[in-house]
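Single chain ahead, by itself, as structure tokens, in the form predicted on its own.
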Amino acid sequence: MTDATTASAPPQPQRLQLLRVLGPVHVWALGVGIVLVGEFMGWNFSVAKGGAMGSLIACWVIGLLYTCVAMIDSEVTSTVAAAGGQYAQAKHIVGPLMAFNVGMYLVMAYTMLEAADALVVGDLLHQVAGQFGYAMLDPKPFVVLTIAVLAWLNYRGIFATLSINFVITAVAFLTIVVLFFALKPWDPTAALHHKELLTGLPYGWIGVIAAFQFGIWYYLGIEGTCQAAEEVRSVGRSLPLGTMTGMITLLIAASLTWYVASGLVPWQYLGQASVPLFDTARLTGSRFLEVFLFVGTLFSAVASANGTITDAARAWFSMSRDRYMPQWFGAVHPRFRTPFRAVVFLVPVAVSFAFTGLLDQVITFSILSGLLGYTFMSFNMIKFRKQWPLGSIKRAYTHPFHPVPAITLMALCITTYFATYLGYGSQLLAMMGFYIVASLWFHFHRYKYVRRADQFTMPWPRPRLSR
């Protein structure tokens, strides 16, 4: 009778999984592809806050912040190899409420960064059209077209998506290098005029601190490499290698960007420009450099939008798969093995933010959401090492100098909150209010749908209790 009952029971359907097809090159393309647009626009708003020298200090200090982020992420995510990155870390190490908030930070940061990228594409095409007598060209159709085409690409598969991202990101990075060497920085008689244009710190050290907010734009999104951890072939090798080489690439690109722009463009104008590297190329008088930097700016914005769609969709998909959001969004496409519903759902959200046209506001909300996620990472790393010390579980990568990176990250995050408050205090309070309301919604309404036992996918021993 038991055999008959067993035979008549319907077989359980196999759960569709995301495909493990990515290598270190794709991880690099995802991380650098998202961020490199920050070298072409957005970073220069830090010049308006602290002057050109203040922007350089912010570039290097925030570079230290993101180096800590990359080190921490490389260890924890190569151990918690699941889609959702920091969200997956939070649900395993801290708990459901923190996981929900981290997931929301990720979705909002990447979706608003996607909107900013689309705005740059539209604005750049509008500027170029104006040079040919089409000043009335509406940039909004290009905003929608950019998001729609890239969403379709993500819908079809991550391997092709990130392979394309690698090519266009590499070309965009090459344009920065070419511009640097074309200006002959070793020749004192060449076009660069740092001696005349650098004016110290026009607003003092408080201006330098205020510049930290937009200094984040040099690197914002490198942590996105973790979102595709479930689709990487060899997580222990590919994720740390792709993330750390990506961070090195960005440090080089940020330094070269500041050097060429501050040597040609007065800081008063540089702090307001929407596409500063393109404007720098125009000031050289070289038609080749102007066209080449137009291509680089366009490619960097497209690559960033492409990567943010990838990351935002995987964060939303992971939350939905665990019932933190409606489970319907947690579906995997039966043919392409992509989180297709999450990809499509976030398209109108990004378009609505882009249609505001407020680039600095969209950037600010993206920065604030990312900053909240980095704050979580600092104490998450300390808790992770306390609950599962070295030797208690297998780690594919172990970052050195613990707990110095976590403490440094926390201190720099606090400083950057203060910097943001100086210029965008109301936006900071509004964002905090939004996440508090979202947390209350999750606690009183959504938490009852979460199956906690189904969330924990790592074969770890019980955590060591803190003493």
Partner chain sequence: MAKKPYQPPVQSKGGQIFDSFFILALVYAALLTPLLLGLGASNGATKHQTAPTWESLHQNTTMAQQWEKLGYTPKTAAPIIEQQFDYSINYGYLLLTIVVIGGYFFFMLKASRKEYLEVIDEKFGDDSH
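Numbering follows the first chain given and starts at 1. In this text, all values refer to a predicted model and were calculated from it rather than measured experimentally.
Beyond what is shown, the protein has a form predicted in complex with the partner chain; the following relates to that form.
Peer 1: Within 4.5 Å, heavy atoms only, which of Ile252, Ala182, Met98, Val295 is in contact with the partner chain in the predicted bound form?
Peer 2: It is Met98.
Peer 1: Which residue, Met244, Leu289, Met325, Ile176, has a heavy atom that falls within 4.5 Å of the partner chain in the predicted bound form?
Peer 2: If I apply the 4.5 Å criterion carefully, the residue I get is Met325.
Peer 1: On the criterion of a non-hydrogen atom at 4.5 angstroms or closer, are Tyr105, Pro266 and Leu372 all touching the partner chain in the predicted bound form?
Peer 2: Checked in the predicted bound form: all three residues contact the partner chain.
Peer 1: Give a yes/no on whether Thr161 approaches the partner chain to within 4.5 Å in the predicted bound form, heavy atoms considered.
Peer 2: Thr161: no, not in contact with the partner chain in the predicted bound form.
Peer 1: Look up in the predicted bound form whether Thr415 has a non-hydrogen atom within 4.5 angstroms of the partner chain, and give yes or no.
Peer 2: Heavy-atom contact with the partner chain at 4.5 Å: absent for Thr415.
Peer 1: How about Ser274 - does it come within 4.5 Å of the partner chain in the predicted bound form, if we only consider non-hydrogen atoms?
Peer 2: Residue-level check for Ser274: no, no contact with the partner chain.
Peer 1: Residue-level question: is His193 within 4.5 Å of the partner chain in the predicted bound form, judged on heavy atoms?
Peer 2: Heavy-atom contact with the partner chain at 4.5 Å: present for His193.
Peer 1: Would you mind picking out the stretch of 219 to 227, 165 to 173, 279 to 287, 305 to 313 that comes within 4.5 angstroms of the partner chain in the predicted bound form, counting non-hydrogen atoms?
Peer 2: This holds for exactly one stretch, 279 to 287.
Peer 1: Taking the partner chain as it sits in the predicted bound form, which residues of 415 to 435 have a non-hydrogen atom within 4.5 Å of it? Please list them.
Peer 2: Heavy-atom contacts to the partner chain in the predicted bound form: Tyr417, Phe418, Tyr421, Leu422, Gly423, Tyr424, Gly425, Ser426, Gln427, Leu428, Leu429, Ala430, Met432, Phe434, Tyr435.
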